[in-house]
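Only one chain is shown below, in structure tokens, and it's the form predicted alone.
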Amino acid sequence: MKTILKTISILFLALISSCEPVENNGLYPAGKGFFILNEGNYLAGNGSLSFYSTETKQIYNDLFSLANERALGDIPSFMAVEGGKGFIVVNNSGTVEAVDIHSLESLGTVTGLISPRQIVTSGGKGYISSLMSPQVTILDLENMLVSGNMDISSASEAMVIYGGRLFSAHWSGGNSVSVTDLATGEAITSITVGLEPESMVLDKNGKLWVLCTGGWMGEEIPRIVRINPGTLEKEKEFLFRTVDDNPSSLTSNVAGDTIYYLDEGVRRMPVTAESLPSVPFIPAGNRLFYRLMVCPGGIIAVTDAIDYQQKGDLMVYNSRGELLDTEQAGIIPGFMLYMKD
């Protein structure tokens, strides 16, 4: 059965760094690494924030609560960074938490959002998708205030901005990607893809790849669809084997010439490929692979949710698929955000 806890993926954002040491209150080391959002137990409000340093090869847990002496909330699902601030979407709490990216101290909380899922930023604004509302919420990032809404006529999950347009995937029960003009807020079109488009990524050629799970109950065969965001037309469709396949967490490498996703492990394929890979690049074995991220240098990070109840694991692999490190994260380690120079 397919998990309802799926979220997209897969984006690469920047850590502000310089030749001087970065002040971060000693909670986690300055330098290269990535944040991990641990979703916590449903309705328990015990979601948390971790950081894995690719330099020290260690994980640093419970960072938000250590910095702010309170819990992050119920199911943190996504994080973006802009202007030295981190914006953490906390789904079931209906909030977006702004933090100083170095100290992780709270800079403000937007409350009252309807099942927020992900956030993308552009021009000082944040655009927040919703699992239960046909509107995308517009956030003034400087003042942490809701400045408006855009009606996209469907609930939404993964989002991508390209060419002044917002592409929003209608995940839960949907089969389309809505396209909205950011300058006017007006809907342009809706592109039919496959049932429950879960994650999206842009490649080096500016093509939009959309992973569709096929539905919670396996209603149709999952697929990956490639869209030309200029013409707004589907260019290619890659079908999985059966309705029992369970792909998720589509992302790409930094160069944008190879896409990765989870399906019985980690699979990868060049963007020039004519078919899906037949075997996993990194087999899952007895692990429950949940979220995936690819870092510069080919480092691959995967989380293991174990049983969706207890603290999960983080596995770090090199570009050859060899395991480099395993660390214990928080409860249900999910979305990861790489921080680069």
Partner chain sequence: MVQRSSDYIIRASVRSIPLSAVAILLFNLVAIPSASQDLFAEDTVNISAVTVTAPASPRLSPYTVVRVEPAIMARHMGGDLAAMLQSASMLYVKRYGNHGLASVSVRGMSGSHTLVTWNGLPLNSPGNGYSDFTTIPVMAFSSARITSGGSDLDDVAGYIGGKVELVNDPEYAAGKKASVSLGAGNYSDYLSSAAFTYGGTDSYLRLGAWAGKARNDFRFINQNAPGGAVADRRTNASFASGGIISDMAYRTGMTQVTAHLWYNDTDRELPGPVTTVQQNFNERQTDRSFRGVVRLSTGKEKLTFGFLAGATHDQNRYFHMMPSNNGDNASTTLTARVRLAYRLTDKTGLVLNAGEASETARALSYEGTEKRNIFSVSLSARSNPVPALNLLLQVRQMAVTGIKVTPEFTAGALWMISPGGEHLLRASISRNAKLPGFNDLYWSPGGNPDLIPERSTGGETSWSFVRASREGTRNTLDITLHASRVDDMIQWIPGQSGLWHAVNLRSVNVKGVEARGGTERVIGGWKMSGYLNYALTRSVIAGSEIANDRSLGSQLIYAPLHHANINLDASARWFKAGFTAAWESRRFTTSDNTEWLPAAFMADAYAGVTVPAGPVALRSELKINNILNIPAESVRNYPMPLRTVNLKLTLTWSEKEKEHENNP
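Small disclaimer: the values here were computed from a predicted structure and weren't measured. Positions refer to the first chain, counted from 1.
Form predicted in complex with the partner chain: not shown, discussed below.
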Is it the case in the model of the complex that S93, D307 and Q310 each bring at least one heavy atom within 4.5 Å of the partner chain?
yes
Counting non-hydrogen atoms within 4.5 angstroms of the partner chain in the model of the complex, say which of A44, L27, A273, A30 makes the cut.
A44
Which pick from I88, C212, L72, V201 sits with a heavy atom within 4.5 Å of the partner chain in the model of the complex?
L72
Just one of 292-300, 274-282, 50-58, 63-71 has residues with a heavy atom within 4.5 Å of the partner chain in the model of the complex, so point it out.
63-71
Answer for T109 alone: is it within 4.5 Å of the partner chain in the model of the complex, judged on heavy atom distances?
yes
Taking heavy atoms and a 4.5 Å cut-off, does G194 contact the partner chain in the model of the complex?
no
Residue-level question: is E264 within 4.5 Å of the partner chain in the model of the complex, judged on heavy atoms?
yes
Using a 4.5 Å heavy atom cut-off, state whether G164 contacts the partner chain in the model of the complex.
no
Residues of 110-136 having any heavy atom within 4.5 Å of the partner chain in the model of the complex, listed in sequence order:
T111, I114, S115, R117, L131, M132
